[in-house]
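Next up: just one chain, as structure tokens, the form predicted alone.
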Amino acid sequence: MVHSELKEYEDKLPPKILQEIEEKCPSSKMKKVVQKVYEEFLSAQIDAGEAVGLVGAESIGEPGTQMTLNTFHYAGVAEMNVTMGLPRIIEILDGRKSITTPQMEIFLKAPYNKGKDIREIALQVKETKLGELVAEYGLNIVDLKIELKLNMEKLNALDVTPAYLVKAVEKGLASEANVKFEGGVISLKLKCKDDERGLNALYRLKEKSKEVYVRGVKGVTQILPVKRKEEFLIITAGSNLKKVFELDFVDTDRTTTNDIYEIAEALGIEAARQAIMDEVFKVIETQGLNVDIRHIMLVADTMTVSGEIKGITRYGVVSEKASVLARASFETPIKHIINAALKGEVDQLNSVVENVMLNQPVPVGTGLPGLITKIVRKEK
């Protein structure tokens, strides 16, 4: 129920602003405050015909040129780094499906977020492959057999039983080898008979056996439990949001990834739009730059308005422009003009770029309204 003083502003101000005024403002001053907020709200709105695209591009591009080419390394873990700075901005805005350093922040439910069994839980998340659990490889060329001596300490630390491990190996190499287990050693006997091919196949089998999936979340190559303020969370190198959401100790409301396509697939396009804004803003903030969030919102809206993520490239957003000249102005102009001529496309010259190309007034700002006046001539 809205306070009586705020009733007349119900359709003039966003509900969230009204709610905030109601929560934080004493009743005696509410009328004055809401009037002032409404004035500020009107002055903050953009004028009709403002070239928001150009202002946004300029506002992001100008500080963007000051960015350094950064890679941020996590202390203590050599393999864990995160792409920052200009390369990160480029891969977000290009809408790249495979990013350089995918990473997740996994928040945990109580009591694990207070540090309970944090190491064991982190190891459950990390993808474990057979190669990490083998202490020694032995190749028997005569019998075309590989013997894998297991590292029992590692098996115990990861809570993996030899029986479970053998099943995983059988599943991973069923088509290529017969699997046996005796006295802490797994034997892999090649099914192939031809000696010449067999020797090569034996080495291939050895390499393939190292990559056999045993347990954990596929794609998560490194884990790092960290304490942030009062709670523990797990930072990972590698990302697999859907599988992480299936783990019962994970707080699914806050767990996130820097892979925008993964977010779109798991949580929908609205979440992906928010992720684009968060990721770009995070980079800009880390670099100590100041860009208004509304410019970034405009870019995120443009990328996701069709219901799927489209990069700011000739294959993404630009390819969907109705204007032939706007498409031609971006990249590969001759191709666009020839295709348009073959199809008989018509350009209505509704936007900025195409009018600049033709040396005409641009339909933004004062160029937006068309003024028609009747000239009255005096008779002599």
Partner chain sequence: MAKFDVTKHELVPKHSKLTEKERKELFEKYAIDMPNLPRIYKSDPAILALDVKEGDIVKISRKSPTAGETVFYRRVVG
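Residue numbers count along the first chain shown, from 1. The model shown is predicted, which means the values in this text are computed figures rather than measured ones. The term rigid core refers to the maximal set of C-alpha atoms that superpose within 1.5 Å between the two forms.
One more form of this protein, predicted in complex with its partner chain, exists but is not displayed; see below.
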Original post:
Does its partner chain come within 4.5 Å of a heavy atom in each of Lys116, Gly219 and Gly288 in the predicted bound form?
Top reply: no
**OP:** Tell me, out of Glu308, Glu231, Glu170, Glu132, which residue has a non-hydrogen atom within 4.5 angstroms of its partner chain in the predicted bound form.
**Re:** Glu308
Original post:
Though its partner chain is not shown, can you say which of Ala157, Ala271, Ala201, Leu123 has a heavy atom within 4.5 Å of it in the predicted bound form?
Top reply: Ala271
**OP:** Choose one stretch from 96-104, 232-240, 289-297, 146-154: the one whose residues place a heavy atom within 4.5 angstroms of its partner chain in the predicted bound form.
**Re:** 289-297
**OP:** Answer with yes or no whether Lys109 is in contact with its partner chain in the predicted bound form, where contact means some heavy atom within 4.5 Å.
**Re:** yes
**OP:** Report whether the minimum heavy atom distance between Ala264 and its partner chain in the predicted bound form is within 4.5 Å.
**Re:** yes
**OP:** Evaluate Asp278 for contact with its partner chain in the predicted bound form, applying a 4.5 angstroms cut-off between non-hydrogen atoms, and reply yes or no.
**Re:** yes
Subject >> Distance check, Tyr213 to its partner chain in the predicted bound form, heavy atom within 4.5 Å >> reply: no
Original post:
Which residues within 241-268 place at least one heavy atom within 4.5 Å of its partner chain in the predicted bound form?
Top reply: Phe245, Glu246, Asp248, Thr252, Asp253, Arg254, Thr255, Thr256, Ile263, Ala264, Glu265, Ala266, Leu267, Gly268
Original post:
2 Å or more on the CA of Phe41 between this form and the one not shown, with the rigid core superposed, yes or no?
Top reply: yes
Subject >> Core-aligned C-alpha movement of Leu13 between this form and the one not shown, 2 Å or more >> reply: yes
